[in-house]
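Starting off, we have a lone chain in the form predicted alone, written out as structure tokens.
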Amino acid sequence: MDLLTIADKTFTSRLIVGTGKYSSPAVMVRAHEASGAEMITVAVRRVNITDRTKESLLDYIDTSKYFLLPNTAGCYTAEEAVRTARLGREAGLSNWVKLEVIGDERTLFPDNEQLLEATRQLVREGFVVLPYTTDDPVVCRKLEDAGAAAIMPLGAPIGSGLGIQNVNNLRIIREFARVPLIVDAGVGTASDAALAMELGADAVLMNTAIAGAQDPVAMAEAMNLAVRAGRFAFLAGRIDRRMYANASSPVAGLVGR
């Protein structure tokens, strides 16, 4: 079986999904089921983890079925992100963290300098760190060297739905990555997810593409199939591109030849 292994955990699904922007918790639950995902990311700062007597997003996630990946969405400094990750761990969510340190409010591009600083600190504190970063091969290498358990370059800006914008960079990152490569952000439809996997990504993380679809449950199923198809295609190995036609049926030995 083709399994995804990150740090000390193994998954059969290579699709990771989020919890934001759904029209209702019921729709979110159905979409999660249709996605086939085994890992779900939740924003620590947007979840009620202090007063469990009140309704919380966590009430709608079966933690016996899904692995929780807390994230530091909304953090703009390394200090803020580290503090948020600690809060999630202390609340019993996980010692894993999808590390986000945003550098620009409009584009939501990461601040890679602050991201590296936070990665080093959290790795020292025993966290399994999955940093969200730009599709910069040099930054990805530095994050690996800092101890990241996976690297998560964006395909396009968060929530943009633009799809993979820099195919060549992702190919370069894939060639040199020593840890799992997870394309995070920018996916708009199933073909984007399939392309990410065909380029050699080990997994794809998405939220808006599913939650914002006209039919989130149907889109979740489409993403499930796309990620699997893209992975199979990558493993199978595509044919070389040619400028001219190459007949499917050989002509040598045909009658009249």
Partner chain sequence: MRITLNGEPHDLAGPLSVTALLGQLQIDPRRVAVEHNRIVLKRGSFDATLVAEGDEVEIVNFVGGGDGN
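Positions refer to the first chain, counted from 1. Being a predicted model, the structure only gives us computed values, none of them experimental.
Keep in mind that the form predicted together with its partner chain is not shown, yet the notes after this line are about it.
- Taking a 4.5 Å heavy atom cutoff to its partner chain in the predicted complex, the contact residue among A194, A222, A43, M39 is A43.
- Checked against its partner chain in the predicted complex, the residues V29, A190, V47, V217 give one hit for a heavy atom within 4.5 Å, which is V47.
- Contact with its partner chain in the predicted complex, judged as any non-hydrogen atom within 4.5 angstroms, is confined among 138 to 146, 172 to 180, 113 to 121, 84 to 92 to 84 to 92.
- Although the partner is absent from this view, S35 stays clear of its partner chain in the predicted complex, with no non-hydrogen atom inside 4.5 angstroms.
- At the 4.5 Å threshold, heavy atoms of D62 stay clear of its partner chain in the predicted complex, well away from it.
- In the predicted complex, its partner chain lies farther than 4.5 Å from every heavy atom of V227.
- Residue contact with its partner chain in the predicted complex: I210 places no heavy atom within 4.5 Å of it.
- Heavy atoms closer than or equal to 4.5 Å to its partner chain in the predicted complex belong, across 7 to 21, to the residues G18, T19, G20, ordered by sequence position.
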